[in-house]
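The form predicted alone is given below as one chain in structure tokens.
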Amino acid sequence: MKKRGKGMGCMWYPIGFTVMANPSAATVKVNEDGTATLITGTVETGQGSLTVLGQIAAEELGISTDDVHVVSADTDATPMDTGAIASRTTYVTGNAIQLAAEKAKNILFDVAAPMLGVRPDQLEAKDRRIQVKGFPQSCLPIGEVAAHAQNGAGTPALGSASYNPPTVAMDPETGQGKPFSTYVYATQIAEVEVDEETGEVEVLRIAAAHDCGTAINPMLVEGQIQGGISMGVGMAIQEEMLFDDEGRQINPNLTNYIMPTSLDMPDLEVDIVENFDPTGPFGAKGVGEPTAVATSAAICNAIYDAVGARIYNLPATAEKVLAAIKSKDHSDRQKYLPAG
């Protein structure tokens, strides 16, 4: 007989390293044709970080993301970046890029102000133009201003900056401190079906609500959450490293190391909770590793809701679930046996 159950998993997760310095640096150059070059040490590992970082630079400069050329991950040419780890790239590297782009933009403002007959603080960068606030018709193309900055004023529109999240070391006696600059939060709810006769678990549906600050690129955020859930499903019910008595792994390849495919994925519902973080670039925090944290807990709680058996050792394979069901049934029977 198959039974259904629902379970919830909640989590909070820090962005960046624990107290330790984890800086990023960046350089932004505005070119005479109105495009910009972003130079960052960040490595793209498939999560879409370079797209997001390009968007941050473009937003600060008032140009299109297509106008930003990203040069990345060449340690001979790019500035220091701690790495695409600790779910820190959007927050830490993004802050460095926003600061660098702001410096380049301020050079453009200083050059454009006398050309437009206003003060630099009366200007804004928008729609590929440097324009007077409240009077968008009084404007100059960014490329024209960048060319004049370089060839006329002798101050190329170039900005470099670094960012290191502010933290407070933990007090060894009280445990008080601020080990991370910001945190993200999430709740996931799983619905499963468990076969009581075999212990087989099928994950039918997962609903996930994630607070990642401002979603710079909502489509990428949703994709990351879906990808994290797929990893969480594997962790919860399939993926297990097996060893023989001599400590050698007996399933070292994808023919016998079981992991989810697209056919194993449940129906997914993703809700991105917008929560502006004033310390992040345009309010952003992060969404990388946290996407997988709550999944296993939600699935195991759903298994318990379905059959009343707790799984404490992942993955919740059919063998473990069946054993837990039988152990529960045995314990239940023992409760009702007459004493003596």
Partner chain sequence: MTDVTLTINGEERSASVPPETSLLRLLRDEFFLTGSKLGCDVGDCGACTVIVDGLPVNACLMLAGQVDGRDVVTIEGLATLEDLHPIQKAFEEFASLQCGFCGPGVIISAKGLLDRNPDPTKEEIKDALSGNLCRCTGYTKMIEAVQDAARILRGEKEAA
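Positions refer to the first chain, counted from 1. Since we're looking at a predicted model, the values are computed, not measured.
Heads up, the form predicted together with its partner chain isn't pictured, but that's what we're talking about next.
Its partner chain in the predicted bound form is not approached by residue 151, whose heavy atoms all lie more than 4.5 angstroms from it. Using a 4.5 Å cutoff between non-hydrogen atoms, residue 267 counts as a contact of its partner chain in the predicted bound form. Taking non-hydrogen atoms only, residue 226 approaches its partner chain to within 4.5 angstroms in the predicted bound form. Mapping the unseen interface onto this chain, residue 131 falls outside it, with no heavy atom inside 4.5 Å of its partner chain in the predicted bound form. Contact with its partner chain in the predicted bound form, defined as a heavy atom within 4.5 Å, holds for exactly one of 222, 193, 124, 110, namely 222.
Partner proximity in the predicted bound form, defined as non-hydrogen atoms within 4.5 angstroms of its partner chain, places exactly one of 137 to 145, 89 to 97, 255 to 263, 157 to 165 at the interface: 255 to 263.
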